[in-house]
Ligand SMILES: Nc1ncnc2c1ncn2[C@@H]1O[C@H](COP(=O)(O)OP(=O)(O)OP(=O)(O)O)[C@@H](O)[C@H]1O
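Only one chain is given next, in structure tokens, and it is the form predicted on its own.
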Amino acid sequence: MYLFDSQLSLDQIRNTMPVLQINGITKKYGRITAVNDLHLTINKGEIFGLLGPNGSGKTTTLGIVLGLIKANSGSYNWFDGSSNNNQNTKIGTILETPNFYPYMTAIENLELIAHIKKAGRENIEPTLELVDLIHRKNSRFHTYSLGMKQRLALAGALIGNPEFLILDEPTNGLDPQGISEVREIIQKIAHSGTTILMASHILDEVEKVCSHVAIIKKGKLLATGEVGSILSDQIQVELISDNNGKLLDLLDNRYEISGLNKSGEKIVFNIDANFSSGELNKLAFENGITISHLLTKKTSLEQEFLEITKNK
């Protein structure tokens, strides 16, 4: 059964069995500390986002756990508790820009990867179907668009049915359509039970794709957990009224408000998730205030990220 044929739900697959444990890894380049005492546990079936700005230590961390970079201190454990390089058959990776032989076809490039991995060739075409390249299987790599090249890289990483997939900035440089296509493929792969570690600086992608997230800056872990737990349970309210001063006095007496910000006629603030916009409209009407604009939205991962990393 190929990895993308599974109909298991993520809840059925996920459990507390660690697939990768990172134990206090530190990596320095001279005076620069790229990774600073990093501790992480990634469990089976998770789509784990390693989120941070460029230069935060994401790629260095991936290089260490793949045995490509030697840490100054700390350790990591794969699957059975070992940190040697004999795990390669269980791990698929995309670390850099897709790199294939330009005058070979998709089929030929994937056959070469299967030979290097000592894997069977029987799932090459089904994998091309998964990444929506089956119609271009006999086209040479140099004729592919950037998005197609990235999707072929995903196909190459899936050869051998790895248990764990490592993706370093998988949507980097893609247009919105390419980003959407890669995101959909990642979700299909994860749905089959493959554990995924995805490093990205794109907040929106992590929020839409990942089940868990670790936020790092300057190599230091700032927060980690399920995406839902990292997100604030507050909502953001944006409004305009004909008497903002009076309305704010009323709100101060009725609600717990934070992050108050005035921009011209607009008032923006954060408030508890059980806030009722209908109740606010009623309160304003009863006090002779007319609200001409009212918008509520859940706090995004971007807002939470900026709050967590502020002054860190």
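Since the structure is predicted, the reported quantities are computational estimates derived from the model, not experimental observations. Don't overthink the numbering: it's just position in the shown sequence, from 1.
As for the form predicted together with this ligand, it is not shown, yet the points below apply to it.
The contact residue chosen from N54, N274, S258, N261 relative to this ligand in the predicted complex is N54, the criterion being a non-hydrogen atom within 4.5 angstroms.
When this ligand is considered in the predicted complex, E207 lies well away from it, no heavy atom lying within 4.5 Å. At least one heavy atom of E169 is located within 4.5 Å of this ligand in the predicted complex.
Looking at Y29, you'd find a heavy atom of it within 4.5 angstroms of this ligand in the predicted complex. This ligand is not shown here, but in the predicted complex it comes within 4.5 Å of a heavy atom of A34.
Stretch 54-62 is the contacting one of 266-274, 54-62, 39-47, 279-287, since its residues have non-hydrogen atoms within 4.5 Å of this ligand in the predicted complex.
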